[in-house]
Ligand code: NAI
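In the form predicted on its own, a lone chain appears below as structure tokens.
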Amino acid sequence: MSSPATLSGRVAVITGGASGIGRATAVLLAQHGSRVFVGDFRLTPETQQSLQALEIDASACDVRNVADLQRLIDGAANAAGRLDILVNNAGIGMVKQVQAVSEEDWDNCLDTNFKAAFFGAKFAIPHLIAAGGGSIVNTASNAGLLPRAHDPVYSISKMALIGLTKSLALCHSKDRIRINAVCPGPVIDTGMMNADLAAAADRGATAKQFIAASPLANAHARMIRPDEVAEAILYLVSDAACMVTGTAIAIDGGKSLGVPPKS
């Protein structure tokens, strides 16, 4: 995986690619030779210019809007002449108990975290088949591996995403399309984490709580970095993972393993 030509000639689309895990993945895939197209709901002119400086195509895309999503994926495939990789990375959090969740809340969370990945796959699969195969990676969460009491609707959306990953992987192995998921834990410098920390009464104490909930992160005294998740995505879309499909890789510092030991 050290060669910058690992993904030479391949074309990738990444949703939610303007910041955090999505941006780190876009930069890494581009460094390894892929032509990368990024879509993001919050794409500022400054972010667009910074990505274009790295030869990454960037455009506005609200993944809740199916037409926007199709425009991003078909546009990339048509511009580049093929599509080999889709990373369904766009996502939002929701910390609410069931009785506080409105229909609008539900739709916003499920449409962003789950429906968008389904339709992203739907639009990408014909292009991947035409290319002779390819790879889809869905950004799930450790909340998709084990339910969490503080954000049940978010957990539902990510569990559904892992189910989608496995179902579509089974359906499209015959087409040489591999579909996998990554399940991050507490990742620093993401929109979701930054929002959580900004809303906290004590930012430092809240950050420590996130770290303490993940035993390996606690041992290293830091959160997971976006580039560490991006490295796992790079592996999954590369030829090194040509026989890997339907997996959900936890990159959560052991948070989903169970009750951590006392420090």
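One-based numbering along the sequence shown. Computed from a predicted model, the values in this text were never measured in an experiment.
In what follows, reference is made to the form predicted together with the ligand, a form of this protein that is not presented.
Quiz item: Only one of 92, 80, 156, 131 has a non-hydrogen atom within 4.5 angstroms of the ligand in the predicted complex; which is it?
Solution: Going through each option in turn, the one that passes is 92.
Q | Candidate stretches 197-205, 234-242, 214-222, 55-63, one within 4.5 Å of the ligand in the predicted complex by heavy atom | A | It is the stretch 55-63.
Subject >> Heavy atom of residue 191 within 4.5 Å of the ligand in the predicted complex >> reply: Residue 191: contacts the ligand in the predicted complex.
**Request:** Classify residue 187 as contacting or not contacting the ligand in the predicted complex by the rule of any non-hydrogen atom within 4.5 angstroms, answering yes or no.
**Result:** Taking the distances in the predicted complex, the answer for residue 187 is yes, it comes within 4.5 Å of the ligand.
>> Under a 4.5 Å heavy atom criterion, is residue 21 part of the interface with the ligand in the predicted complex?
In response: Because a heavy atom of residue 21 falls inside 4.5 Å of the ligand in the predicted complex, the answer is yes.
Residue 165: touches the ligand in the predicted complex, heavy atom cutoff 4.5 angstroms: Because no heavy atom of residue 165 falls inside 4.5 Å of the ligand in the predicted complex, the answer is no.
Under the 4.5 Å heavy atom criterion, name the residues of 30-60 that approach the ligand in the predicted complex, in sequence order. If the 4.5 Å heavy-atom criterion is applied to the ligand in the predicted complex, 30-60 yields 40, 41, 42.
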